[in-house]
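Below, in structure tokens: the form predicted alone, a single chain.
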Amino acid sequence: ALHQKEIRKVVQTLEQAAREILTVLQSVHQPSGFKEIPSKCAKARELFCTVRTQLGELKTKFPVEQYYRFHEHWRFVLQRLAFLAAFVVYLETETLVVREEVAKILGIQVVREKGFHLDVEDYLAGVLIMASELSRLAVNSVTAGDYTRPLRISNFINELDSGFRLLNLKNDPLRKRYDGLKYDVKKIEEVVYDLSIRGLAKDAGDK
């Protein structure tokens, strides 16, 4: 019970840090937000320093071999943090972050034997949360007059969808999240279709 109480305290600080990072990144959805992407990503990366400290503290609160016994306590916040790390990397490079890179941003391990680590399913859940954030970004890009971004997002999400289709997802919450990806794909396709009908996507494919 003592472990649980201590863990909960640290998890609350992690949730607060995740909210702060999300607040910084949400501003990219504003019409003027695209110009601010580099500065917002830099600010988010600064805030991840706090996250690394807090995760460093979290792993001292329970015996290392009992990771999965207490996993439920931090699973949700770790997925949120994986999403935020993936979103930062996407905004910076328009590429999919690998699990090793997310673990590095969070200052934790990839391999279970090495201690507090990023479980592969938590990483995948984070990537799927990012997909729905990108479908929002595609819609808001059009509002901001950026007609090439939705096509790039569409290509990225379609590749992601193909990748997930190859996985045999046995985890129920993860499968439900993957079902959500189908809606994201559809939403982005509608945006791209609308742009092409309006003749706004003509030059987008060349960029």
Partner chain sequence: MLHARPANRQLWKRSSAAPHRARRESEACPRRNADAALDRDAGAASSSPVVAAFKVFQQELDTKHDKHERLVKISRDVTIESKRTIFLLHRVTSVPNAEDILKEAEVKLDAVRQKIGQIAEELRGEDLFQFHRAFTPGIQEYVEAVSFLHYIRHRGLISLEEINARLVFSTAEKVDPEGTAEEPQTAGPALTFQVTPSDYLLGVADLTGELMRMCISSVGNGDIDTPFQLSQFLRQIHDGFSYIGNTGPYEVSKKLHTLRQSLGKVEDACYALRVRGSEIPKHMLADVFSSRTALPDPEEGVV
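Residue numbers count along the first chain shown, from 1. In this text, all values refer to a predicted model and were calculated from it rather than measured experimentally.
The next section is about a form of this same protein that is not shown, the form predicted in complex with its partner chain.
Note on the interface: of 62 to 70, 23 to 31, 141 to 149, 49 to 57, the segment with non-hydrogen atoms within 4.5 angstroms of its partner chain in the predicted complex is 62 to 70. Within 4.5 Å of any heavy atom of its partner chain in the predicted complex lies no heavy atom of I37. In the predicted complex, at least one heavy atom of R99 sits within 4.5 Å of its partner chain. Its partner chain in the predicted complex comes within 4.5 Å of a heavy atom belonging to E159.
In the predicted complex, its partner chain stays beyond 4.5 Å of every heavy atom belonging to K114. Remark: all three candidate residues (T95, Y123 and N155) come within 4.5 Å of its partner chain in the predicted complex, counting heavy atoms only.
Contacts between 153 to 172 and its partner chain, taken as any heavy atom within 4.5 Å in the predicted complex, involve N155, F156, N158, E159, L160, S162, G163, F164, L166, L167, N168, L169, K170, D172.
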